[in-house]
Ligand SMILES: O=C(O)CCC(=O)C(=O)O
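In the form predicted alone, a lone chain appears below as structure tokens.
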Amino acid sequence: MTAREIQDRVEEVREPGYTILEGSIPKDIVEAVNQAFSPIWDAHQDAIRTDPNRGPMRHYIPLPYDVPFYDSAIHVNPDLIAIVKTILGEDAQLTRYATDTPARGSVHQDWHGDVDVLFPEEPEYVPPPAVITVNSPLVDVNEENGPLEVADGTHRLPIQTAKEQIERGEISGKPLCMKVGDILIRDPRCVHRGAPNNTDTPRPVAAVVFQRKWYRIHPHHRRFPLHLYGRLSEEEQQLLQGIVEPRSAERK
């Protein structure tokens, strides 16, 4: 992308709250992740049926930072990183990597944002974003298999005001359908909900979280393996420095 195109995408994240980069990840890389995720999903079936963590038949599962799950084409796509750093600053860091997956039997989630209010003592003040979430579907997402529904511009309102306007019908949500290879970059404060998956096939979407270096509300789920960290580019190391394993964990 040109500098102008990058800035246009940044403005989309700042205004409606999100932008989609179409066809930005090679499909064979995504397919490898999807195939490797299948046994992980299967291993969570008891929890998904009896104690799901994102609503009925919807589960959030952290992913390992290892091959094939970690791939530079996914995590440090040049256009993606240019957009993220323009919004969060040059010292932005990657802190989370997981999947959100609804299956048949899932329902509409309540409308919500994904991060806490940064300054609760001033609930009407909406600061610039401290966190950016990046989603990439492992399968095509359509209106039948549980798309993310987003209410445009609600990240620029106090969260309670946004929810009340949605409930009154003053603001409506719309489904974000995507293809394998697409990247959704969004302000996680933009009010949204997961829709039901009405098909017999689970709908996994990967989520990578970037945040400002000083932001510490989101804990990481897993450490990045030290033996892989040393093979990465300097830019990747900077992005991952907050979650890399301590040197004492290096494999012999």
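Computed from a prediction, not measured in an experiment: that's the story for all the values here. Start at 1 and count along the sequence shown; that's the residue number.
Quick note: we don't show the form predicted together with the named molecule, though the next part is all about it.
Residue 148 belongs to the set of residues with a heavy atom inside 4.5 Å of the named molecule in the predicted bound form. Residue 54 belongs to the set of residues with a heavy atom inside 4.5 Å of the named molecule in the predicted bound form. In the predicted bound form, at least one heavy atom of residue 203 sits within 4.5 Å of a heavy atom of the named molecule. For residue 112, a non-hydrogen atom is located within 4.5 Å of the named molecule in the predicted bound form, even though that partner is not displayed. Judged by heavy atoms within 4.5 Å of the named molecule in the predicted bound form, the contact stretch among the candidates 67-75, 99-107, 151-159, 172-180 is 99-107. Contact annotation for 192-209: residues with any non-hydrogen atom within 4.5 angstroms of the named molecule in the predicted bound form are 192, 194, 203, listed in sequence order.
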